[in-house]
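Have a look below at one chain only, the form predicted on its own, in structure tokens format.
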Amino acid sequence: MAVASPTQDDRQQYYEELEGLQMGPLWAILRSTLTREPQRREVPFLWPWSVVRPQLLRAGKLVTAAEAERRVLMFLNPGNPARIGATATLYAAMQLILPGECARAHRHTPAALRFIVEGEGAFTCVNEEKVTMSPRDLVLTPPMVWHDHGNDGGQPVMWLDGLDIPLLLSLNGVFFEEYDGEAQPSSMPPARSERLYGRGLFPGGSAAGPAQSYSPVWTYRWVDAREALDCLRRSSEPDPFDGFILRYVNPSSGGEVLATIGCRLQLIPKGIHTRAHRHSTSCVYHVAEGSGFSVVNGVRLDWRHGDTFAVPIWCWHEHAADAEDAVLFSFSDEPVIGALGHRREQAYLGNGGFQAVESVFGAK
């Protein structure tokens, strides 16, 4: 006896019944879920310092640090559906603290970094250690470490914030606590973490304490990082894709400074144009020195000192400096992708390794 073929109405009724049972047919979404490669969602995007800085200073006139908890302007990628990420996994923002202000102490599971852009006189107190902040220093506040910010100087201080908030939100793993009081006491000796861990000398015996998944050094000074870049330049050949590149390292393990965020500093010498490649990590770049441009999936982004731009996952990208050397600071989700075994990289083979420019970012 022949069995009647199901009608579209039969299937629709079935799907509706499944939905009421909190079930669903995989075959309806299989092709859009198990894709051949990551789908383009977040887009190449640049936040110019010439635009960001005046808006940040304007926020300083409209909202106090006490009202805001943190006076921060987020960098929102137009393709990010959660409207909190510069990429799918990385949050980036610019923070301002004015003279005499205090951003109260708290701690949270998202890991955080600060790359200082402008101003002197501010500090971050990390687990009762007062860490001074100067332009282009890198300051870490690892997961669940108490931290507050203050400004003892006479000028506004601004810095780039980088966190793994989008990643933690996707895991529903955010915890947050406020400190019992506005600020922590500064009970630790000045520059303790730098002097104790940043010189390759570590406490031994009972003073060693438990191993951590993050760097015990709270700040990486620009003067040391820049000197290391120059040394690398004088003693080696540039990487064809990244120029001269350094990795900020956890000195206790040789690994990344944070378990979920990796930090890099790269020098693109004047006149050098790196070859294009792409990888399964997403990245946020900040221009620490000089000017130049990057081509990201065919989009040319012209940048200069203070600008910040996003390179989402699996996007072709290449960099070039203008008439002077350029230095790019960056942070990425590479520690997570690598730990999962999903790290992939591919060189661009066409056109001698350089992309064709299809559009210019910001062009009318």
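These numbers come from a predicted model, not from an experiment. Residue numbers run from 1 along the displayed sequence.
Beyond the structure shown, there is the form predicted in complex with 2,5-dihydroxybenzoic acid, which is absent from this document and is the topic of what follows.
Among heavy atoms of Tyr91, some come within 4.5 Å of 2,5-dihydroxybenzoic acid in the predicted complex. In the predicted complex, none of the heavy atoms of Leu98 sits within 4.5 Å of a heavy atom of 2,5-dihydroxybenzoic acid. Looking at His305, you'd find every heavy atom of it more than 4.5 angstroms from 2,5-dihydroxybenzoic acid in the predicted complex. Remark: Glu129 does not count among the residues lining 2,5-dihydroxybenzoic acid in the predicted complex, judged by a heavy atom distance of 4.5 Å or less. With 2,5-dihydroxybenzoic acid omitted here, the record of contacts in the predicted complex names 104-112 of 190-198, 104-112, 232-240, 256-264, defined by a heavy atom within 4.5 Å. Here is the short version: of Arg70, Arg53, Arg300, Arg40, the single residue with a heavy atom within 4.5 Å of 2,5-dihydroxybenzoic acid in the predicted complex is Arg70. For the candidate set Val217, Leu163, Cys125, Leu168, a heavy atom within 4.5 Å of 2,5-dihydroxybenzoic acid in the predicted complex is found for exactly one residue, namely Leu163.
Contacts between 146-161 and 2,5-dihydroxybenzoic acid, taken as any heavy atom within 4.5 Å in the predicted complex, involve His147, His149, Asp161.
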